[in-house]
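First, one chain by itself: the form predicted alone, in structure tokens.
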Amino acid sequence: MNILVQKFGGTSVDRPEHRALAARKVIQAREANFNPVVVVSAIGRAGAPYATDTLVKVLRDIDPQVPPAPREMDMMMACGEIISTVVFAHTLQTLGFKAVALSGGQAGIITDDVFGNARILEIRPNYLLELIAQGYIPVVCGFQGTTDPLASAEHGAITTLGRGGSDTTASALGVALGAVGVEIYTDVDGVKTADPSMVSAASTLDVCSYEEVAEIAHQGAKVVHPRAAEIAMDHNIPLWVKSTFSDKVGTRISSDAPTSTDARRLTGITHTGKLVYIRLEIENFEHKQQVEREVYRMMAKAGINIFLVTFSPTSLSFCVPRSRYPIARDLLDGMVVPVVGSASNIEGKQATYYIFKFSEGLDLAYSVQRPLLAGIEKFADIVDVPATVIESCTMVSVIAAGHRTVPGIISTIFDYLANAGIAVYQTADSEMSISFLIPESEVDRAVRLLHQRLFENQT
């Protein structure tokens, strides 16, 4: 059926003149003998009347002390895409095209019942295929689906797919419909070598591998959600990243792009959001593994992602998103970890209790917990675990496929930063990238510097 899925982000549908440009892209696809299936995000970004954040605020403002139930929150969050879908479908109708607006559930998108971050279980495309055969242009709500209407629980409850859910919707529909490609339309003309708001000289990549674009997204760039790239990669569906506001060809993402074995391949410079760096001192190596395990367990139980984890015989360090740091601090400060029956305990004591200490202050859990342990000091060792915290951090990454086959590349990049007086708190690397934890205040300078040295100064 020569189906082409076209996804338009919030800035592409936020005002009539932008919707007209987006509609023109759909019409051009129809004129090129494709059968377009459109996926749209909510109208506008935070602060706009129908943006998802605005709708969520309406619900939360009813009583800030009572958080909305996840099921009802998903119903509210889904409204932004529903409004956008109806508006865009009607825009196409006014231009003389048969179009129909569909919610995620009406488009056959079935998810699990993890409200706020649901996973697509299957897509039942029969109705969409019928509409296409009848000459309609389906306009589908991104970011949402429903639980199985026939299941015993929830009975077709509306769910949302989490951050980047509209990209995920587009890729999943592309697979389910056997599309010839998926086009992601945004306000930039493709995958850039750096954030163009920071680096005016950032160039657009003509072609990119699925692995590269997924790594770029994981490391902070917001051009395509990594889950969307992974779905397309698993089924070899070509992705395109294009601009609604220009006629440039954009970036093609496919399996025939340069691979990770290309040692000379540099893709871009990315940066993450706001991070907090935490370092815990645990001098007894024999006990460290047990204490470390409890830290990981508590962070996992609280749903806090940790990364840039560093091993040392006497310390443990890692990063958490700044938005989650207050929870991490409240969990860890004053936390007591018992280590029982170790031969390393001194003076015949049979147990050691480690207590985490973030800082002094009567309002902190440590200052309450520590005196309570005084009564058992005759029978056990009480060991303070001091924490060092650096709150204003961010991570800058160089996406470089095959960098591990190039000796000295980490040293070279480190030298660039050090010679510019930019502190590096921590480094990490993967098969696809090299990352540096730096002060948040230096992120603009670091991105511009690395882009200039690694891209602009190269032939």
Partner chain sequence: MAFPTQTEPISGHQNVSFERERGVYAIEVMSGVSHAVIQVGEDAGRTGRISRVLSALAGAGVPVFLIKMHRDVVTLAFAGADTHTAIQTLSDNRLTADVRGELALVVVRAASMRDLHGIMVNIADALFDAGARLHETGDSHNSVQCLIEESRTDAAVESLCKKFELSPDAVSLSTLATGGAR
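Residue numbers count along the first chain shown, from 1. Quick caveat: nothing in here was measured; it's all calculated off a predicted structure.
The next section is about a form of this same protein that is not shown, the form predicted in complex with the partner chain.
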| item | value |
| --- | --- |
| Among 238 to 246, 133 to 141, 190 to 198, 366 to 374, the region lying within 4.5 Å of the partner chain in the model of the complex by heavy atom distance | 133 to 141 |
| 205, 358 and 385 each touching the partner chain in the model of the complex (heavy atom, 4.5 Å) | no |
| Distance check, residue 378 to the partner chain in the model of the complex, heavy atom within 4.5 Å | no |
| Partner proximity in the model of the complex: residue 218 to the partner chain, non-hydrogen atom cutoff 4.5 Å | yes |
| The partner chain contact at residue 231 in the model of the complex, heavy atom, 4.5 Å | yes |
| Close approach of residue 69 to the partner chain in the model of the complex, 4.5 Å, heavy atom | no |
| Heavy atom within 4.5 Å of the partner chain in the model of the complex - the one residue of 89, 337, 83, 175 that qualifies | 175 |
| Residues within 4.5 Å of the partner chain in the model of the complex, restricted to 111 to 146 and counted by heavy atom | 112, 114, 117, 118, 119, 120, 121, 122, 123, 124, 125, 126, 127, 130, 131, 134, 136 |
